[in-house]
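Read the single chain below, which is given as structure tokens and is the form predicted on its own.
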């Protein structure tokens, strides 16, 4: 009984139009940022290296290189702060988590593009 109640509560806070993306895809995450009273959209682009959780607790990690330094950011998939997720490129990967990319640099970070 309690599982059904939890499921009903979670369904109300799930997004209806979630973009389909997978680990290894290069994405642009459009995030709403509040600065004082103004609101603007900031784009964080990079490679999805992990997805975890399910339902309202589903998260994904995006990694990119800024000024030679690796930067990772974790986003909730169903967050109202996320305006949209654009898939720029799809890649062939053979793992669920791409944490091995953290130790790599230069050309060895590149992933093979998936043909559609």
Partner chain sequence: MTKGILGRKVGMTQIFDETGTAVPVTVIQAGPCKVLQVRTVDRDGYVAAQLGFLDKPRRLSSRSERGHVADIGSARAKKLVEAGVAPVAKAGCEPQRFVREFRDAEGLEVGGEVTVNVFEGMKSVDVSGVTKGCGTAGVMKRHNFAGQRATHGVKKVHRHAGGTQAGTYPGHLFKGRKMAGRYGNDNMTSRNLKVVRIDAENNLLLVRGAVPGATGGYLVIRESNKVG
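Positions refer to the first chain, counted from 1. Everything numeric here is computed off the predicted structure, so don't read it as measured data.
Below: the form predicted in complex with the partner chain, not depicted.
J.: Would residue 88 sit within 4.5 Å of the partner chain in the predicted bound form, counting heavy atoms only?
T.: Taking the distances in the predicted bound form, the answer for residue 88 is no, it never comes within 4.5 Å of the partner chain.
J.: Are any of the heavy atoms in residue 19 no more than 4.5 Å from a heavy atom of the partner chain in the predicted bound form?
T.: Residue-level check for residue 19: no, no contact with the partner chain.
J.: Is residue 9 a contact residue for the partner chain in the predicted bound form, using a 4.5 Å heavy atom cut-off?
T.: Close contact exists here: in the predicted bound form, residue 9 approaches the partner chain to within 4.5 Å, heavy atoms only.
J.: If we define contact as a non-hydrogen atom of the residue within 4.5 angstroms of the partner, is residue 116 a contact of the partner chain in the predicted bound form?
T.: Residue-level check for residue 116: no, no contact with the partner chain.
J.: Among 78-86, 60-68, 22-30, 40-48, which stretch has residues whose heavy atoms lie within 4.5 Å of the partner chain in the predicted bound form?
T.: Heavy atoms within 4.5 Å of the partner chain in the predicted bound form occur in 78-86.
J.: Out of 13-51, which residues reach within 4.5 Å of the partner chain in the predicted bound form, heavy atoms considered?
T.: The stretch touches the partner through 13 alone.
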